[in-house]
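Only one chain is given next, in structure tokens, and it is the form predicted alone.
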């Protein structure tokens, strides 16, 4: 190898385009490195913090965020977004709690809440897929509608929603050895989403619609059907996340999961899913959810609660925007 060839090789690896392509095409590599660095930083700031109990707690909290971020990953692949997930998730946990002392008990509550979540997603899908309204407008409006209905339900049932069923509490906050029980929910959901995107024709249609909707339509893809199913699925996933979160916090309210909305979008973007559609995957989103969970733990060590929220939100926006720009198509 000549000196000129060696120089060209080094320059290629040092170029900005090379690193941008690495972040875009292999997001798990830099994301895993960032996650490890954050864990090391947490242990440096508070020696002894990183132990099996801390890992269990971090994974437990990341599971809820990971499921909600799955909603954003699926919708963002088509160039959309789902801003209703926080309200839908909160509604699911609250409605289930109000069924504890009613006929049918908590199983009936889960059925009703997930059915309502699917219905909310279905209506959003009809708005996006059939009436061609922008997903941001449709899902934001649907979130407010769900929030309103949840408040009406609260007044009608005259309950605060604090009676989370013990079965859901066990799943949300219990452990099996060193493993949190909510992995019994998260792992099957993750497997389904990974297989959906990588092994099914429906997953390929999601990528096709986000990459080039005109070409997808000309190739015979009925985009409106794909979108209706997509947002209904997103609603169900949000409902599942709400059930897990209510079990984790042992609380059910109509706004319980709303603070997860921005982090769910950020986890998907940080995980390599393009906000413009057509690029990304759920494996990166999982690592993105873990990164945000560990970041919140690090900030809790060095900052009081009010400033922690300010800095966390700022970092999330900055990292997501930077990562989106670095991985954007030229």
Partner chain sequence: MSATTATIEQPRGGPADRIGSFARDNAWTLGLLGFLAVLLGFTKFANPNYGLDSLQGTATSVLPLALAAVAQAVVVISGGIDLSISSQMALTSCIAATLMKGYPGEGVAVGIVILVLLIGVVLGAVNGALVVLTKVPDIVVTLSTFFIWAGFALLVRPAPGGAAADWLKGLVVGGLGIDWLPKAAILLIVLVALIWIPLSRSRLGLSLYAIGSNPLAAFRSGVAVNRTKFLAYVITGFVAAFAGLSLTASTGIGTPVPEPTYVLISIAAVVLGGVSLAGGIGGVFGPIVAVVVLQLIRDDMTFMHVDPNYGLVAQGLILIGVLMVGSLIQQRRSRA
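Everything numeric here is computed off the predicted structure, so don't read it as measured data. Positions refer to the first chain, counted from 1.
Form predicted together with the partner chain: not shown, discussed below.
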> Taking the shortest heavy atom distance, is residue 99 within 4.5 Å of the partner chain in the predicted complex?
Replying inline: no
> residue 251 near the partner chain in the predicted complex, any heavy atom under 4.5 Å?
Replying inline: no
> Though only this chain appears here, would residue 168 touch the partner chain in the predicted complex if you measure heavy atom gaps against 4.5 Å?
Replying inline: no
>> Using a 4.5 angstroms cut-off on non-hydrogen atoms, would residue 275 count as touching the partner chain in the predicted complex?
In response: yes
> Mind checking whether each of 106, 111 and 163 has a heavy atom within 4.5 Å of the partner chain in the predicted complex?
Replying inline: no
> Just one of 149 to 157, 172 to 180, 232 to 240, 197 to 205 has heavy atoms within 4.5 Å of the partner chain in the predicted complex; which?
Replying inline: 149 to 157
>> Just to confirm, with a 4.5 Å cut-off on non-hydrogen atoms, which of 119, 187, 145, 215 contacts the partner chain in the predicted complex?
In response: 145
> Along 248 to 272, which positions have a non-hydrogen atom within 4.5 Å of the partner chain in the predicted complex?
Replying inline: 262, 263, 265, 269
